[in-house]
Structures are given as structure tokens and as C-alpha cells.
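Only one chain is shown below, in C-alpha cells, and it's the form predicted on its own.
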Amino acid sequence: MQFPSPVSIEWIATIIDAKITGNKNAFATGINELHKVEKGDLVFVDHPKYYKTCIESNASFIIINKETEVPDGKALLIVDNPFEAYCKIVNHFRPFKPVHSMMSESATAGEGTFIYPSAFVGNYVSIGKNCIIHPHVSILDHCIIGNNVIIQANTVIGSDAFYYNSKKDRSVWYKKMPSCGRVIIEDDVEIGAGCCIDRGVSHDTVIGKGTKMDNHIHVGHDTVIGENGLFAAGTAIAGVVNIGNGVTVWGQVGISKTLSIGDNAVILAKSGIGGDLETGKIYFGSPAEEASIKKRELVWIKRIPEIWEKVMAKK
């Protein structure tokens, strides 16, 4: 999430009651979680396993629960509970704002766009020209919809990320991280019925220009899908996945988190994706491999009884 304007790190320290070490006179431009952090961002870390990674990341400002060496130009904000401090900042800049009508007064829609009466459009949503938003669609706060977009009935755009801070030394193991990211749907996208596209935890979930999605598809937080993709029904995509241009994903495919799929890859139905996929290849199976290899394996598996009989006959 980008702040409306750069914010003094000293001011941030006052609202979270933090001690500053390092560059005390700097200004933060946004707040992010580690997977999407950029220069100028504020990030938090509360586990020794990630201290080094976080401090050496692109983050300029780190909320942390330990005093340690500070790289030049960066600042540490030292608090007892970095997660709670992070949540306090997010909730300050993105507080809950109830809406008492089916379309928020702060939302906008372009010329030629038709929104069915039972659809809901939240705060600060922007919808482009010549879109059709079907019945019972929910487009939640801060999402951006391009031109010529069709969203079928009962789809949710901008639901919260499935993202939790976990600590097993407290009574509630999983505490929700507030989602302050957005969903951006580019021009000429079509999204089927009953889909769910989660907003980013602190950045953007993006559906690229010209991509078409069937019914009952889930897209996880901070996932970026390229242009002109084709996604069949029942596909589930986890968080922070990068999918290239022209990718085809057939029905009931499961794609795990934090991986990349190259341009023009094809994934056949019911496959399970647990690692990066190369550009321009066809994949099948769980775990998925190149389809030609996987199909040969299945042929050999079917031949096991025949081979076993021959082995036993020789004894």
C-alpha cells in the first residue's frame, strides 16, 4: 500500500511507540509485507529466522523487536510487538468504512457501464467504460476495474487475503493480517460466475488485459496474471504467484504459492503445480511434469501387472 503522501518516520514512531535507530529524518512512501516490498517501504519482522532477509531487502524502514546493526540510509523502528505495530499503521491509513447503499458515493463508473441493482460496489472503487457487472457481484474497497470488463453473477472482487501471523506461544495461534492491497483488473477481462479474487495483503492482485476466466475460480493475494490468459473452471491459485502472458490452465488445476509460470505454458486438467514452470511447455499430473513424460509414466504404470506376471512365471 502506498501512503497518500510520504510520511515522516518520526511520526510513524510516535503512533506505534517505537525507538528509532538509523536514518531518523527519512520519509516512508508505503507499507508492505516482505514478498512485495519496495524501496521507500516500511515492513515488519518478528522472527529471528527472517531478520537478515528483511533488513537486507528493498525495505527502507523495518519494524523489528530487536536492536541490531542498521544498513546505511535505513532505519529500524524497535517495538515489543512488530505485528501489532504493523496492524496499527495499516488500520490508520485504511480504516473500516461502512457503506449504506449498494454503491459507495466514493466509487465511480465510466460511460456505458451497466451495474445490476443487486451488485455491490465499495469505497473508492473505480470501474471503467462499457463494463457489465452482473447480479450479486461484490467489488470491495479500493479495487480498480478497467474498460470492457464483464463480471458474472456472485463473483467477489477484493476479498481479504488468506494471510495470518502465526505464533504458537499465544492463545490464538493465527491472527489476521489486515489486507490493505487492491485488485486491479485490466481492460477486456471476463470473469465467470462464483469466482473469488483476493486483494493483495499490502500490494496488488492483478488480472492482465484480455484474460478470460471460467466459473468458480480462486485467485490468491498478490498474484499477478499476465495478458490473454485462459483459465477453466475450478482452478485454485494461491498467493504471490506470477503467471506470464498467454497461459492456458484447464479445469480443477491447483497452483501452489510463490512460484512462476512462464509465457504460453499450458496446464492440463486436474494437475497440481508445486514449482516453477517453463515458457511454452505443456504440463500434466500432480506433481506436474511435461505432459509427454507424465503420459509415458502412466503407460508404464498400467503395464506393471503384466510385467509382474512375466517375472513370476520365470521363477
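Owing to the predicted nature of the structure, the values given are computational and were not obtained by experimental measurement. Start at 1 and count along the sequence shown; that's the residue number.
One more form of this protein should be noted, the form predicted in complex with another copy of the chain, which is absent from this view; the next part is about it.
Query - Exercise: Asn264 in contact with another copy of the chain in the predicted complex, heavy atom 4.5 Å - result: Asn264: contacts another copy of the chain in the predicted complex.
Query raised in the report: Is there any non-hydrogen atom of Val253 lying within 4.5 Å of another copy of the chain in the predicted complex?
Result: Close contact exists here: in the predicted complex, Val253 approaches another copy of the chain to within 4.5 Å, heavy atoms only.
**Report entry** Interface membership of Asn228, another copy of the chain in the predicted complex, 4.5 Å heavy atom rule
**Finding:** Close contact exists here: in the predicted complex, Asn228 approaches another copy of the chain to within 4.5 Å, heavy atoms only.
Query raised in the report: If you check in the predicted complex, is Lys176 within 4.5 Å of another copy of the chain, heavy atoms only?
Result: Yes, Lys176 sits close enough to another copy of the chain in the predicted complex that at least one of its heavy atoms falls within 4.5 Å.
Query raised in the report: Ile132, Tyr164 and Gly194: each with a heavy atom within 4.5 Å of another copy of the chain in the predicted complex?
Result: Every listed residue reaches another copy of the chain in the predicted complex, so yes.
Requested in this report: May I ask you to choose, among Ala119, Ala109, Ile184, Val90, the residue with a heavy atom within 4.5 Å of another copy of the chain in the predicted complex?
Outcome: Of the listed residues, the single hit is Ala119.
Query raised in the report: Here the chain is shown alone; which of Ile78, Ile144, Val224, Ile150 has a heavy atom within 4.5 Å of another copy of the chain in the predicted complex?
Result: Comparing distances to another copy of the chain in the predicted complex, the residue within 4.5 Å is Ile150.
Query raised in the report: Hey, of 278-286, 29-37, 52-60, 65-73, which bit sits against another copy of the chain in the predicted complex at 4.5 Å between non-hydrogen atoms?
Result: Looking at the other structure, the answer is 278-286.
Query - Within 229-262, the residues that have a heavy atom no more than 4.5 Å from another copy of the chain in the predicted complex - result: Counting only heavy atoms within 4.5 Å of another copy of the chain in the predicted complex, the contacting residues of 229-262 are Gly229, Leu230, Phe231, Ala232, Ala233, Gly234, Thr235, Ala236, Gly246, Thr248, Gln252, Val253, Gly254.
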